[in-house]
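One chain comes next, on its own, written out as structure tokens in the form predicted on its own.
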Amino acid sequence: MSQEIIDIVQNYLTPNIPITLVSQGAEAVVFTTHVHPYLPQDSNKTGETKYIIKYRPHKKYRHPVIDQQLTKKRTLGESRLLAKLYQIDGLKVPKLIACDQYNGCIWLEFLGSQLPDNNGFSNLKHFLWWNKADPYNNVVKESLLKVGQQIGILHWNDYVHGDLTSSNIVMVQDKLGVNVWNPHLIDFGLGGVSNMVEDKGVDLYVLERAIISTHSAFSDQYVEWIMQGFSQVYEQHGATGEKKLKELLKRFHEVRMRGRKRTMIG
């Protein structure tokens, strides 16, 4: 991580908003803070509430004008997408708090927690590793069925994620149940509107490959449970849903075959 980027963000936010670095991706840098962008600081006296700040740094290899235009477009696009997704009944995504498209900055609701025994942050990847001693227990099964349902709701409403890995699914523990976890989809920087079965098939394939790469010994069952939950959403819509599901699963199989062929050829 470049200290220069951290200094730029801190200078932009001013010293009144302390930040903690979380991660850096190709597109954005993610921080957490306990300060709300609009509410007074004393509104969070306990310091328990956290927020996500997602910042798109300037790319020096791009012309400054083009870079500014792209940053504005992508920041605003992701914010608008999240605002729409948040209103879909049953779909769990972070709540959008603020957007500064001119400076490439988005404030979001913080989701998730640290898993017990130093097992890391509660994204799906770490959650499955945490359960590796009993990989097929009922909590894992129910959680993966819910993961599939979340993707199903997203796709049924003609949206796609664009980077659907197990790291971009956050497991949030239900306040009413110790062993009940609810998946939330995060990081829609590459997401968008699409009614194309190809785009949805690629979403499913990307997640399948992510699970195979990190949980290969259990991946067949894990993917099967996810697809069961996914199919349930479409089947709830009767004959129309079943027809769309059949088309989508066929394309998912085709995308999978293309991916395997590329792997074999190199």
Partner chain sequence: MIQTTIPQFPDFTLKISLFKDVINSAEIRSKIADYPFAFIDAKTICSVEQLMAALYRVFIEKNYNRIRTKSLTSECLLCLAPTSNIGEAFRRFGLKDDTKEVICVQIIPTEDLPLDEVDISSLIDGFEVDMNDEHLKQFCDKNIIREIYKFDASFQPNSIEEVTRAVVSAIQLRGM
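Residue numbers count along the first chain shown, from 1. Since the structure is predicted, the reported quantities are computational estimates derived from the model, not experimental observations.
Another form, the form predicted in complex with the partner chain, is not on view; read the next lines as being about it.
For the residues L128, L185, I153, C99, the 4.5 Å heavy atom test against the partner chain in the predicted bound form is passed only by C99.
With the partner omitted here, the residue from L115, L145, L76, V139 that has a non-hydrogen atom within 4.5 angstroms of the partner chain in the predicted bound form is L76.
Residue heavy atoms within 4.5 Å of the partner chain in the predicted bound form occur in exactly one stretch of 170 to 178, 105 to 113, 192 to 200, 118 to 126, and that stretch is 105 to 113. Interface membership of V35, defined by any non-hydrogen atom within 4.5 Å of the partner chain in the predicted bound form, is confirmed.
Remark: G238 does not count among the residues lining the partner chain in the predicted bound form, judged by a heavy atom distance of 4.5 Å or less. In the predicted bound form, at least one heavy atom of L13 sits within 4.5 Å of the partner chain. Remark: I17 counts among the residues lining the partner chain in the predicted bound form, judged by a heavy atom distance of 4.5 Å or less. Using a 4.5 Å heavy atom cutoff, L39, A83 and K95 all lie near the partner chain in the predicted bound form.
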